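This document starts with one chain, in the form predicted on its own, laid out as structure tokens.
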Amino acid sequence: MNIYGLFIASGLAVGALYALGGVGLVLLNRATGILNFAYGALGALGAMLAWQAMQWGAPEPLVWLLPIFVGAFFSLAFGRYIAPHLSQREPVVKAVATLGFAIVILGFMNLIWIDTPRKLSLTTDTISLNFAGLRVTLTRLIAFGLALTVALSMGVFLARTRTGLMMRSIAADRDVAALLGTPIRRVETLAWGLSGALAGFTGLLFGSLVRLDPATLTFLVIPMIATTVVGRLQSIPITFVAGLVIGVIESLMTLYKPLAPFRAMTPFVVAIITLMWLQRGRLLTFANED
């Protein structure tokens, strides 16, 4: 039982970070209508710069803050100077633009940091607590606790605050929101900044849990996007739960050798099954009409 508990705890930690990334993507999508494929690259850049700062002897509090500011800065830059020019374009064009942004960031990281073994070791990795006989590091607890806190707070923020209402109105109809006096540029800039800060912090925690490699961290955006697909790019609670489920399933699959090579497919499988389940009503309607 302990071995299963260990893998479940590990899966919850990674899944919480999938969920945290998914929440950041949903927040931005609900405010701007953009699915940010550069989210993983922003997190990777923050993690790599944090590692580099540690190599230069920077104090650890700075190491924790650096990815947050880096993610927010580059996200704000894109949201302030590039995204507004895409406001009237189709969603797929907006998504491709963020994909191009991700490729630029990844290319920069590959130019600066060659592919060598690295490890981002945080003080919280050396502190552990016992839960029902399982030793869980403080980093994993922070990942889960932060994801839960952010999911709850962002849900309340979007549903109950004036700024959250303005974000949702912009995503629904940008022109009408502008006519009603919504400060479009300011609200969208806030959304890009918040999402970027979450991306940077998510990248930092991922950097201490998985392989510290620019490409590996960048492509973690794929399971994050899968969580948003399950939540239909709108629901923060469902996105949070989807992240945890994907993380646990991925972790448990490593226990079974025949399935272990296919663990990377977990996000896609969960997303596809969910979409098929959500579309079951339409499929039944089509079948009855035939």
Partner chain sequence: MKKIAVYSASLVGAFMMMTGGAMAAPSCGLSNGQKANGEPIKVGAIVGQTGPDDFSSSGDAAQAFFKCINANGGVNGRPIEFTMEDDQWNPEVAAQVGNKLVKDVGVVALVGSGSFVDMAVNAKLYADEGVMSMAGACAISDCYESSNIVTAAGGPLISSVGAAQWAVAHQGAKNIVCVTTNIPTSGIYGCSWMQKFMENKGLEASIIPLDPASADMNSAVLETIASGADTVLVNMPGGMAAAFLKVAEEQDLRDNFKWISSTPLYDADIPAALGKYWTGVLTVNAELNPIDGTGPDTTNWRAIMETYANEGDPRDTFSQAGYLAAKYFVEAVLKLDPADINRASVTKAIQAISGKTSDMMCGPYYVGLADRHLPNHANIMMQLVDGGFKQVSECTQVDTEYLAPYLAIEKEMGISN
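Superpose the two forms; the largest set of C-alphas matching within 1.5 Å is the rigid core. Small disclaimer: the values here were computed from a predicted structure and weren't measured. Residue numbers count along the first chain shown, from 1.
The same protein has a further form, the form predicted together with the partner chain, not shown here; the description that follows concerns it.
Screening 173-181, 158-166, 105-113, 192-200 for residues having heavy atoms within 4.5 Å of the partner chain in the model of the complex returns a single hit, 105-113. Contact check for residue 143: no non-hydrogen atom falls within 4.5 Å of the partner chain in the model of the complex.
Among residues of the shown chain, residue 264 is one whose heavy atoms approach the partner chain to within 4.5 Å in the model of the complex. Contact check for residue 220: a heavy atom falls within 4.5 Å of the partner chain in the model of the complex. Remark: residue 120 counts among the residues lining the partner chain in the model of the complex, judged by a heavy atom distance of 4.5 Å or less. Looking at 26-49, no residue comes within 4.5 Å of the partner chain in the model of the complex, counting any heavy atom. Annotation for residue 232: C-alpha shift under 2 angstroms between the shown form and the other one, rigid core superposed.
Once both forms are fitted on their core, a CA shift of 2 Å or more is seen for residue 262 between the shown form and the other one. Once both forms are overlaid on the rigid core, the distance between the two CA positions of residue 271 between the shown form and the other one is under 2 angstroms.
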